[in-house]
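Here we start with a single chain on its own, the form predicted on its own, put down as structure tokens.
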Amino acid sequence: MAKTLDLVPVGEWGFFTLPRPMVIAGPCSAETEEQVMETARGLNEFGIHVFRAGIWKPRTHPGCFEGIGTEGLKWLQKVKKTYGMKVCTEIASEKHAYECIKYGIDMVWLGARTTANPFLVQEIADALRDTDIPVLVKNPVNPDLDLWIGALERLNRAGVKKLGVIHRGFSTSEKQAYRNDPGWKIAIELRTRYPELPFFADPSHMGGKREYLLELSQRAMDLGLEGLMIESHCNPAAALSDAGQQLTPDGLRNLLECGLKVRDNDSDSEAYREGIVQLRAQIDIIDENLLYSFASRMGVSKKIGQYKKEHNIAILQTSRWDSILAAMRERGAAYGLSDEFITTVFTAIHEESVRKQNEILEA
């Protein structure tokens, strides 16, 4: 069972207005005062109230543009004063946290690499103790749900109650279209455990290219997430970092106002409620049948385990398992089921079957 978090509802932060989505937008990096102000102007013109810009940029290799540094916080101050926007940036150390407090930054977020380091998270949590600054926590680089939750717990224990999360996908060595594997199932699990957490998606880092921003943003809305953090630059082609994934303010406006379909989390319609209740009742019956089938299968697995024990046969038969999985993938495709789904389900079944047989062997 998930530990509870002591949170201030996002509606009390004074940052966002409903309806969904709550939007945080701005350039990947603050590069010049002119670039920051021009981008903020364009975003402010169509109602974006929360402006983001990277001040310190964690880069894989030295020698790349690693952010303008503290000087850029003065530019964020100017955005705040000129346009009345809330301003936020990424922090990765105690020093960054103190600098943001000093310059009156309204909100901060922890990047994926920082979330993955409990020492850094604790350092930042201690630095933000007794402040009222909202903190958003991006998922760690790898799909480790406990590490993500641990970062939230450390901040909350330090008294940070204005907490939210940003899902930006996970690093992967597999070849795919997106920059990062969306890994929606991890996000869904976190959402299930902590439905009260304000939940943003970062389609910019998830997709890595402008062409994927709408489909990933739509997916986030379809899942009922509250917000989006999207990178926007007044001249993306000239950006010093992540040029390919940034939209102009006009491009972002078009995505939000013309492309994105925001779905309601619920409906007062009597017809909808009656229909959904009936469909869910069908699901409940099917799920009950699945449990019965799983139990029956494990009963047969136990008998197989006993048979192998009597004949001194090893439990694991790799060639048999490989042929089963290949056959199930083929049959699953005929039913419109994905390889990933079939592999996940039957791998879990196989592992439980091996465990049951092992119990017989050890008895």
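Heads up: residue numbers just count along the shown sequence, starting at 1. The model shown is predicted, which means the values in this text are computed figures rather than measured ones.
The next section is about a form of this same protein that is not shown, the form predicted together with a small molecule.
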Practice task
State the residue from W75, F199, W148, W109 whose non-hydrogen atoms include one within 4.5 Å of the small molecule in the model of the complex.
Solution key: W109
Handout entry: Of K162, R168, H96, K86, the one that lies within 4.5 Å of the small molecule in the model of the complex (heavy atoms)
Key = R168
Completion exercise
For the small molecule in the model of the complex, the stretch among 57-65, 36-44, 297-305, 319-327 with residues bearing a heavy atom within 4.5 Å is 57-65
Practice task
Could you confirm whether R191 comes within 4.5 Å of the small molecule in the model of the complex, counting heavy atoms only?
Solution key: no
Handout entry: Exercise: R113 in contact with the small molecule in the model of the complex, heavy atom 4.5 Å
Key = yes
Problem - in the model of the complex, V50 touching the small molecule (heavy atom, 4.5 Å) - result: no
